[in-house]
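The chain below stands alone, shown as structure tokens; this is the form predicted alone.
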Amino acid sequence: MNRQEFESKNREEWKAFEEELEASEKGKESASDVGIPSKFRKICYDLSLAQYRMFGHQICDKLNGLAIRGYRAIHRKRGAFGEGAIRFALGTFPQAFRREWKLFLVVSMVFWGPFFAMWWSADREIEWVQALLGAEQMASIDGMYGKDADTVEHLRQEHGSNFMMFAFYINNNVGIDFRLFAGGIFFGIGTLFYLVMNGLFFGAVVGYVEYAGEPELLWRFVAGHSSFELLGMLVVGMAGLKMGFALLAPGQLSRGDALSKAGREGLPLLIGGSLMTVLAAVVEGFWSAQPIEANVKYTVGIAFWVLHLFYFTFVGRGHRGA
């Protein structure tokens, strides 16, 4: 096979590979991306053959350039997950949050209103709190935050290891996230319902501990993970309400198209909020349940709230889509 025959036989294949590389370099997803590694091996073979048969620097340089670009494309794909995660955390998620700030106001009012109402009612009508919690829940709260309680020891007896506590909190938090998001399918009513119920429950717990227990034990325990858990829950609620509002007011789109569009736009909120509640479980299982001095826990907790405020306010500004 001479130089002309070699080039004629492989020209179309080289051109197709170059087009795939250009699409990959522009960040376009392609079903043929999975074929880049095999085509890269073929380019390397052609390059070695051209060099061995001395077909000239023009063909060799072209194939060498394709081989270098192919190697970079494969390397970039292998690192895509990490790069994508960084872009999501430092751009996509906080930008999506700021775009939907009105939804954050809505979910905050829906959650914090019942929370403070139930907390306030504990000093005046403790029966409301007792009725909401029930005897079994109050007994559990007494074991953790009662006058003579040892929160750490109670958690050890109930869950065993730190990892088992982490697993329990993961299961609990994921369940809350799922209900909040899935509730958006029912025109947002389900999301609103679970936000109200969580607000009432958390407010009842705080009110009951203020009434019958040792509040410092509660605040010391929740200080570290409260920002992750509460803000993460509200962010997932934003994703659920976005779907609900799309169904209520689809505009010129069909309800199916409006729901699909809202789902895509709300996906960063769902993923980001869920990751926050997962981090809450990590902190809750491996930090909050440890016998660490109260002032240290309070300091860490305040620092996390400040970092969240900074993150959602400033991170991602100046980047495209902010």
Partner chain sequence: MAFSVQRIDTLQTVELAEGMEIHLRAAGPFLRLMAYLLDLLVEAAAITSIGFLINLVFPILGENVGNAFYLLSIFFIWWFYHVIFEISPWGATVGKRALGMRVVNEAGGGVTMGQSMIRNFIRGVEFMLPFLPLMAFFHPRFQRLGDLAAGTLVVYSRPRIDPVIAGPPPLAGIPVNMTLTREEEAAILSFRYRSGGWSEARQMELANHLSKITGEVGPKGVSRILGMAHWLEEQR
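Numbering follows the first chain given and starts at 1. Each form is matched to the other, and the largest set of C-alpha atoms that superpose within 1.5 Å is called the rigid core. Being a predicted model, the structure only gives us computed values, none of them experimental.
The same protein has a further form, the form predicted together with its partner chain, not shown here; the description that follows concerns it.
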item: In the model of the complex, segment of 216-224, 105-113, 178-186, 130-138 with a heavy atom within 4.5 Å of its partner chain; value: 178-186
item: Non-hydrogen atom contact residue 195 with its partner chain in the model of the complex at 4.5 angstroms; value: no
item: Contact of residue 40 with its partner chain in the model of the complex (heavy atom, 4.5 Å); value: yes
item: Partner proximity in the model of the complex: residue 36 to its partner chain, non-hydrogen atom cutoff 4.5 Å; value: no
item: Residue 71: touches its partner chain in the model of the complex, heavy atom cutoff 4.5 angstroms; value: yes
item: Candidate from 201, 245, 168, 88 lying within 4.5 Å of its partner chain in the model of the complex - any heavy atom; value: 168
item: Stretch 52-66 - residues with a heavy atom within 4.5 Å of its partner chain in the model of the complex; value: 52, 53, 54, 56, 57, 58, 61, 62, 64, 65
item: Rigid-core frame, C-alpha of residue 297, shift of 2 angstroms or more between the shown form and the other one; value: no
